[in-house]
Ligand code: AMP
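Below you will find one chain, with nothing else, as structure tokens; this is the form predicted alone, and questions on how it binds or moves follow later.
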Amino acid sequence: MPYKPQSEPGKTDYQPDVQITTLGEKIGDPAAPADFPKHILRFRNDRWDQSVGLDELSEEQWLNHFGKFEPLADNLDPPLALRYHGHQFRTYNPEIGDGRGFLFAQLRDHEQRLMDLGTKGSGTTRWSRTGDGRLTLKGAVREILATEMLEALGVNSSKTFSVVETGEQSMRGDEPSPTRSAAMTRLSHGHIRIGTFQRIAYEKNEKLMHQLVAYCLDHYYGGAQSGDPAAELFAHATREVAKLAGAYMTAGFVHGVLNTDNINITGESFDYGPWRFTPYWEPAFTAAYFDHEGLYCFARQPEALHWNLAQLASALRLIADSDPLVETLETFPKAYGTAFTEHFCWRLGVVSEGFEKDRDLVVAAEKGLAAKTTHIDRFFHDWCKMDDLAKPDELDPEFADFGSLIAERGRSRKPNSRYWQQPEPCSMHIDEVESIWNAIADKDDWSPLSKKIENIRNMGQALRNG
């Protein structure tokens, strides 16, 4: 089916629906938030607070819940630091879990999806090890920018819900220190990770594995429809993770740390650290300074996600036969290819004509982008500004093949919005990220961040109007 981005959030009433506790005490451990010296509201997601019915909270109430982490009505009390394991840069680590955050609440959104409110930087937990459980304010600002940009570009992403500056100073080896700290809350369609299943398999807890599979099917995928729930869940996860891989590539996004503990069972992108957007179509572009081998570079992201799914299949073998899992795993390359071409056509704003023809168009576009004469965002922006498809002569020479192919297409979206009339595309490269942060760090000037969010959302609206 044609690619469809997530719909604009709508209004709903607050509907608490705590389900995670049905999995028992082994899914997580009670946690307590840190007692911060200050609570300064720096960001409140004024779209998604409506989606979960929390838009009527006053600023004082908001800070009580998302700065002091007083429980929401009829919700989790205490919050839970979730347990999981994970492969980190392909090395298995059984000593991890929610070390600087916890699951704070569960509730329903405007589409009646079960959503989690999870924290980052809210203090130490049982799984903090030697960490301080804190988040730098810069890290929180970067996550706002990542999630807003990805949402606008049609990537299935968690939403930065709230950022509260805490008045503390943190020491970090990769940032000028001491640096300001923050407590962040994200809204996500679940926090069940591939690493969650890995931990249960490691512990050989068949009962909990059956319960977790049922939980995920019931709350994320509409319930079991077959006699092999584990294989069914794996098929869902494979399809959604393939979509995520395709969306990452079309967006030019490099997550940076695609470990199995950072991959959600719903295929939703989350937990942003050293992310970057590559300016050019550069296969070896790497986001994390510590990724010395380029394991998670731009072009290797689909491979990394495929490998992670193999680890999920391995974990599910605790309760399922291997054959259907392997058969599903082998469908990933085709599922990724289809997702990538569909998402690429969506961002182009052209009518999809099926995988074979779409692939030819996308390959021609990649050929032009690989010449590195045009930024990815400028290509999509300038192309969409054209009023007439049949103007291949207006494209750079590197895109001659693309121009010939696209002249035969029809539009799925008219380039009429103000966004397409802007001279510059909305990009998110590292120099602008640093400039936005420097305004905050040097002058406590939050206006560049606010303006950027407005521009990103305008782009997202322009992309959805089709």
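Note that residue numbering begins at 1 and tracks the sequence as displayed. Since the model is a prediction, treat every value here as computed from it, not as a measurement.
Not on display, but discussed next: the form predicted together with the ligand.
When the ligand is considered in the model of the complex, only one residue from 306, 100, 142, 83 comes within 4.5 Å through any heavy atom, namely 100. Just one of 342, 165, 109, 271 comes within 4.5 Å of the ligand in the model of the complex, counting any heavy atom, and that one is 271. Residues placing heavy atoms within 4.5 Å of the ligand in the model of the complex fall in a single listed stretch, namely 259-267, out of 153-161, 259-267, 210-218, 275-283. The ligand in the model of the complex is approached by residue 129, whose closest heavy atom lies within 4.5 angstroms of it.
The closest non-hydrogen atom of residue 199 lies beyond 4.5 Å of the ligand in the model of the complex. Residue contact check for residue 88: one or more of its heavy atoms lie within 4.5 Å of the ligand in the model of the complex.
By the criterion of a heavy atom within 4.5 Å, residue 134 is counted among the residues contacting the ligand in the model of the complex.
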